[in-house]
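Here are two versions of the same chain, shown separately as structure tokens and labelled structure 1 and structure 2.
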Structure 1
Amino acid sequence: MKNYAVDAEKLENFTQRLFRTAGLSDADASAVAELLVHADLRNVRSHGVLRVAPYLDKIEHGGASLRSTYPVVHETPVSAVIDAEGGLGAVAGTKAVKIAREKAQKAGMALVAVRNGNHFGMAGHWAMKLAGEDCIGFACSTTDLTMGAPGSREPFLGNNPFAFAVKAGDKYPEFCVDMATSTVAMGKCKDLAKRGKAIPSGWMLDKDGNDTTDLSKCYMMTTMAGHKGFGIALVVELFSTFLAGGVLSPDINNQDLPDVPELSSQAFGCIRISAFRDLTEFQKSAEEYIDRLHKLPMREGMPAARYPGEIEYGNKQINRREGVVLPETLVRDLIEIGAKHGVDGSFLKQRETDRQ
């Protein structure tokens, strides 16, 4: 299959215009476009412009409301609760980040919880925005049903993602732990199946709760590290659903349904480092820590140890320079969507690439 290398800035501009013509304000359309293209820049492709079609579908069919005003329904100097009223995850996220950062600048730390939301994309995007230059950022979300309790036969919660980020000095600006709480993301199973490769045992469960390597029999995903991943997914629930007063996970809607909101909950945390110690000192020790990590002796044939977010940060540098890699099928779909909305996408097909 052919791949194309696409200039990230042009891709973001194109995506912004698509959402603009779908009825979003300039600022809201920019928030969505930035979120999606950021994921592609980091090669988190499952959360990139692949989501343009389902997001637009959801807007068109009423599952993502353009009427929401994202009201703050509860507030203290260190906390806030936003009701997304079934609006867009990127818009609620942008508002939550702004409030959390402002409160953390004044009070030292803050947590903003969101209820009645929709898919908020790559958790790391929000954690990094919350972190900025001077804070530790934290973001998490519930999502539609994909996992059960250890040993159970029915799904009970989603593979609730979470991310922590911090600028660890100028050398390491994007330290970012960002993951789903399932053993692997569903996208990885689909990708292996598409390429005719075997899906390892231990990733998926069938209708009876037994291990399966057959994608067509997959009913649930296994939790990351067994009971521990289950526990962490519940911690995400605590910070998001329970603090926001949101919809309990077993009652969340499937995110692919175009006409109803997912009704997921999110949390956005921000800790100002200077509330604890001198920021420069913090960043100096974080840099030294990662320098030492990089020097760890490795087993024969293994690459140097890396910090969380390092691979994705490297991808971002390459993709900014050489373009974001999009498969031909996606490029075709985007051009078609563009034509429907009167936005020219011919630039997407300008440069074929051997990069994968």
Structure 2
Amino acid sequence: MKNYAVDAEKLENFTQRLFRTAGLSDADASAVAELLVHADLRNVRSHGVLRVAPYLDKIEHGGASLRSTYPVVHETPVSAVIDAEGGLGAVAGTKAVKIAREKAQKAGMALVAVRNGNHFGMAGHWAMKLAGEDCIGFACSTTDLTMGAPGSREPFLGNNPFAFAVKAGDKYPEFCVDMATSTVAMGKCKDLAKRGKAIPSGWMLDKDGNDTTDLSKCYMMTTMAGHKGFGIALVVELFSTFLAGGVLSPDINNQDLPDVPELSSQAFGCIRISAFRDLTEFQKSAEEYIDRLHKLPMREGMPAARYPGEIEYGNKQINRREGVVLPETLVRDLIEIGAKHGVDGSFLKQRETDRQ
């Protein structure tokens, strides 16, 4: 299968134009495009422009409202609750980040919860936006049913993702822990299938609770670290659904249904570092800590130890310089979508690459 290297800036502009023609404002279309392309820059392809088609389907068929005003329905100096009213996760997330950072600058920390939303994309995107230059950022979300309790045959909650991020000085600007509470994200399986690659054993379960590598037979995802992943998923539910007064996970709609909102809930947290200690001293300590991590003695044949987000940060630098890698099947789909919306996507096929 062919792969294409696509200029990230052009890809983001193309994506923004697609969503603008679908009825979004310039600002909202930009928020969606930035979210999706950022994921591809970090090689988190399960949350990249692979999502363009389902997002547009949601808008076209009414599952993602363009009428929502994303009102703040409850607020204190350190908190807020936003009702997304079935709107887009990228738009709700952008508003939540703005509010959380503004409150944290005044009060030292803040948490903003969102209810009645749709897919909010790569959790790390929001954690890094919340972190900025001077804070610790946290973001998490419920999702539609993808996991059960360990050993169960029925799903009970989503693979609720979460992320923490901080700038660990100029040397390490994107320290970011970002993970789903399933062994892998469902989008990862879809991405592998899109690229014609095998799905490893241990990621998916069929209706009988047995392991499967066939995406068409997948009924549930396995939990990260067994009961521990299940427990963390419940913690995400606590911070998002229960604080926001949102829809409980067993009652969330399938995110792939185009005509109804997912009704997921999110939480966006922000801690201003200088509320605890001098920011420069904090970042110096963080840099020194990671320097020591890099110097750990490793077993023969193993690469140097790396901090969370280091690989993805490296991917971003390469992809900005050499282009985001998209498979031929996805490029073809995007060109067809562009033609449907009157947006030229011919640039997507201009440069083949051997990069994976």
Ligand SMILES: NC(=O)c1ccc[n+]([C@@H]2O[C@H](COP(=O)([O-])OP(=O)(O)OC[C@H]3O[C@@H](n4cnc5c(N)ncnc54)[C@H](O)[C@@H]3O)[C@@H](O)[C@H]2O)c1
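C-alpha atoms forming the largest set that superposes within 1.5 Å between two forms make up the rigid core. What you see is a predicted model; the values in this text were computed from it and never measured. Counting starts at 1 with the first residue of structure 1 and goes up one by one along its sequence.
Form assignment for the chain places structure 2 as the one matching the criterion, namely the form predicted on its own.
With the core held fixed, the Cα of Ser274 is displaced between structures 1 and 2 by less than 2 Å. Core-aligned CA deviation for Met204 between structures 1 and 2: 2 Å or greater. Residue displacement note: Leu192 has its CA displaced by at least 2 Å between structures 1 and 2 (rigid core superposed).
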